[in-house]
Structures are given as C-alpha cells and as structure tokens.
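Coming up is one lone chain in structure tokens, specifically the form predicted on its own.
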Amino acid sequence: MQLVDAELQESRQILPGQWLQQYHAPALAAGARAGQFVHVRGDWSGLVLRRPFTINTADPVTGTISIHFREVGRGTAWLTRLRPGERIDMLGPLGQGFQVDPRSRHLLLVAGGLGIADVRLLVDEALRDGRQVVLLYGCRDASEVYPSSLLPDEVEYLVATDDGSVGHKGFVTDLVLEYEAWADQAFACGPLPMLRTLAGLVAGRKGRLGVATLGRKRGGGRPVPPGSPAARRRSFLQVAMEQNMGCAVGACLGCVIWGVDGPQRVCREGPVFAYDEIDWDATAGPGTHAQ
C-alpha cells in the first residue's frame, strides 16, 4: 500500500453518467491486481472521507491506471470536473484481488452494470497469461451496454439486456449455464441479486455436470484455511462485493458483510471472496462502491 500523487491524463464520459479516467501513477500500476481498489482524495474537493474506486486497468509499462465510475453524488461529481494535468492523491492498491489457479485456461467473467470495472483488469491479466476469456455482461437496456471498443478483440463478449434491446432478453445469469462446463473458473461482480443467483447456480454445478465429490485421501496434505488465497483459488466462483467504505483499511467496520464464519470486512478480507464464504441470506445490499 502506497500513498501517491496521481496525475489525470484523460477523462471521458463513456456511457450516460459513467466516466472513465486514466491517471499516471507508476507505483500503483506496478503493484495492482485485478479486484483491488484505490482510495482517492483531492485537497480541494471539500470531502471529509476518501472515496474507493476499483482499479479498472493497470499498465506497468506506461505507469497508468484507470478508474470507471458512475456520477451519483458529491463524491464522484468533483472527479468529473477534473482536467488533464490536475492531481489527486491515491492510497493503494488495497484489498484482496482475484485468485486465478495457474492450471485454469478458460475463464468465465460475469458483470452486471458497473461491476464491469471490477473484472476489467482480470481480462488483461488473463490474456497476458495466454488464457481464453468469455465475458457475460448484463444491464437494463441498450443505453447502458459497455462499449465493446474498450475490450480486447480476443475476448468473447456476450450481452444481456432486461428489455432485449441488445443481445439476450433477460438476465445475464441466464447465459451462465451455457459456459459452466467450458469454464475452469468464474469471476463476477454486480448487483447483489445477480451474485446471489450465481452462487445458487454454482452450488448445483457438480450435480448438473456429473462431477463426483471424493473424500480427501489419507495424508493428502494440510487443510486449506477458508478465506485464504489458496482456498479462493480452488473455488469455481469468486465474487467481488461492493459496499460503502469509510476508512478502507478495516478500522471503521462500515463495509461489513456476513460470511458463513461471521462478519467479513469488504475492504480487508475482500472485496473478493469465494462464493461459499458468503452467507447470502444474511448479507444485505446492494451497497455502492463509490458515492
């Protein structure tokens, strides 16, 4: 974790009310991993608290990172008024990122709405490592569809809209079953109902595919602690949770969700969790990642 002075290089509105900004921040770009976030403040913003933003892309070669956000209040409105050359300070990278098993060759990414920002860097990381990527994206209508021009050509990109104005008519989760046998791992971010539905689908995956569950062999190694990187790496589905954050370092407890083993801080134990770490019935939401 570092505190850096980041210079805005580019700011543009890519969808109604949604912005993509690129910053020169070499120290962050060098250490960022998909699923992590930065905590942002401008001395002139008039805001008491920093605001968290997922690291949308990171390029260690150019020393740049980008953030993708929706303008929903004072905390994001001041960012839209920034001009290239202006500086803000960023604290990061923060949080636990996605864990990809080295053996995985086929990755299924599922994003709902602004959740695309949480999986976008994973696209670049996967392609860099020679993996194949399918990205399923869901939104309300054609006006909210994430531009395909912002994705590498190698990605297979499928869209679902609630009204059927683009792609599949219905929820993005309707498309998952078509790829569950192809995928080695799945990664998702979006509204809580979407994530809850995905968790339910994955819970029944082994039965649908006829995968046998075998007991651990005697002497087969130490148990993997739940919530550890190794345990998450073994999970078929990892989810990035979105909550309001105050301190973003685990002190204020403002971003707590309920896990099967008790409270979990999204900013510290997450934002990425294995799907079976979450108590989906007890977890309230959705929260907003940045306001």
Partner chain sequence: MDLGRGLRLRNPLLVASGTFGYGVEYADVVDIERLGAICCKGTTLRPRQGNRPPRVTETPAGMLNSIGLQNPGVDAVLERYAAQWAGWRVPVIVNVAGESIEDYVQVVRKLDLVPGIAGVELNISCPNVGKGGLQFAIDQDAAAAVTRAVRRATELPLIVKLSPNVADIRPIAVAIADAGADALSAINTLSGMALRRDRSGPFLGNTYGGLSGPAIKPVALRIVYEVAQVVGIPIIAIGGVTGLDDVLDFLAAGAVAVQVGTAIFADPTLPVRLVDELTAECGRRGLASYRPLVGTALPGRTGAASSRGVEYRP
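Every value quoted in this text rests on a predicted model; they were computed, and no experiment measured them. Residue numbers count along the first chain shown, from 1.
Below: the form predicted together with the partner chain, not depicted.
Segments offered: 53-61, 225-233, 25-33, 238-246. Contacting the partner chain in the predicted complex at heavy atom distances within 4.5 Å is 238-246. Using a 4.5 angstroms heavy atom cutoff to the partner chain in the predicted complex, none of P16, L82 and R87 count as contacting. Contact annotation: A77 falls outside 4.5 Å of the partner chain in the predicted complex, judged by heavy atom distances. Contact check for I257: a non-hydrogen atom falls within 4.5 Å of the partner chain in the predicted complex. Using a 4.5 angstroms threshold between heavy atoms, L175 stays clear of the partner chain in the predicted complex.
Though the partner is left out of this view, L91 does reach within 4.5 Å of the partner chain in the predicted complex, counting heavy atoms only. Taking a 4.5 Å heavy atom cutoff to the partner chain in the predicted complex, the one contacting residue in 57-76 is V72.
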